[in-house]
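What follows is a single chain, given as structure tokens, in the form predicted on its own.
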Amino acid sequence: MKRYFSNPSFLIGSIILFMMLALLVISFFHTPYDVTAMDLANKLAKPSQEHFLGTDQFGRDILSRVMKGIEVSLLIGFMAVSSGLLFGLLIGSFSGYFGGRLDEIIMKIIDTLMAFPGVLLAMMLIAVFGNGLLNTIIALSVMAVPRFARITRSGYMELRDSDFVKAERIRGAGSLRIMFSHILPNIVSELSATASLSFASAIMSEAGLSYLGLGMQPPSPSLGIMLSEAQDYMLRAPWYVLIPTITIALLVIAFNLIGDGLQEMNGGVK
């Protein structure tokens, strides 16, 4: 851990993420106000002691909604990246280890998925299956699979003929044992860096989809929804636009810095 935190990118990213996680944990137990409670008498109120970050067009407390928005963003990001990692790992490991016809078929499918811009693919899936939390997670998970599959495949192709793998084959170890007990631990560092960068991408994509009305739906306190609602009040209440924008930026920067730090220490992701 000392080695990791000696890296400036990893350290700064971790500090930012820690602050966001602190707000997340606090939001589980307490928010200054109910995130859906309206107070039209105080709509678009400036930041004050009563409302630290002001209120929105319905008089809802922005700080409370930002806290819950961080919760939504990190939940969706975690579920999407975890699912993408799981399926990408399984696909990439079998493709890279066994090669041959299986590898050709799988990689043609992966290349087809990667031919679509990620957000466009997610928009297409949501258009087919509908809006909502679950469908947003599914769409972002599908976006994440190709990246993890290619990284995993690359690692398995590099290590499948290495000396320690040959030694395990001679000892009688089965393919699954070699794949997941001996090769997989050697590519964890690459997968960790990819997961961090994919987390940032998932948060950005979720905010973009919600901004366009294709992700989370009002009155859910999504950062993308807050940004979409705030654009009509940009001149009248500039803080309303800046707060969700800065929050999204900090989340994305945090995971990108952590991912960059992991890449620097692990010699880069292939």
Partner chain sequence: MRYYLRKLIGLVVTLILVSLVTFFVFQILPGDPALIILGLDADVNQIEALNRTLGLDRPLTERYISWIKGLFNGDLGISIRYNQSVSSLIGQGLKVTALLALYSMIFTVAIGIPVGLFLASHSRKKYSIPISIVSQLSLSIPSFCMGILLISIFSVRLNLLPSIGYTPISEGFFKSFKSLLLPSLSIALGSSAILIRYVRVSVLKEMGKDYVRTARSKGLSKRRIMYAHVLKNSLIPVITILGLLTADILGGSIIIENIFSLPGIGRLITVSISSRDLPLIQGLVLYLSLIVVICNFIVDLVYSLVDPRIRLR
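For clarity, every value in this text was computed on a predicted model and none was experimentally measured. Residue numbers count along the first chain shown, from 1.
The form predicted together with the partner chain exists for this protein as well; it is not shown, and the discussion that follows is about that form.
- Not displayed here, the partner chain is approached by residue 128 to within 4.5 Å at the level of heavy atoms in the predicted bound form.
- Under a 4.5 angstroms non-hydrogen atom cutoff, the partner chain in the predicted bound form lacks residue 173 among its neighbouring residues.
- Residue contact with the partner chain in the predicted bound form: residue 249 places a heavy atom within 4.5 Å of it.
- When the partner chain is considered in the predicted bound form, residue 74 lies well away from it, no heavy atom lying within 4.5 Å.
- Contact annotation for the candidate site: 124, 208 and 241 all lie close to the partner chain in the predicted bound form (heavy atom within 4.5 Å).
- Comment: the partner chain is not present in this chain, but in the predicted bound form one of 185, 117, 99, 132 has a heavy atom within 4.5 Å of it, namely 117.
- Distance criterion of 4.5 Å from any heavy atom to the partner chain in the predicted bound form singles out 214 from the list 35, 70, 214, 53.
- None of 108-116, 176-184, 80-88, 153-161 except one has non-hydrogen atoms within 4.5 angstroms of the partner chain in the predicted bound form; the exception is 108-116.
- Residues 227, 231, 234, 235, 241 are the members of 221-241 with a non-hydrogen atom no more than 4.5 angstroms from the partner chain in the predicted bound form.
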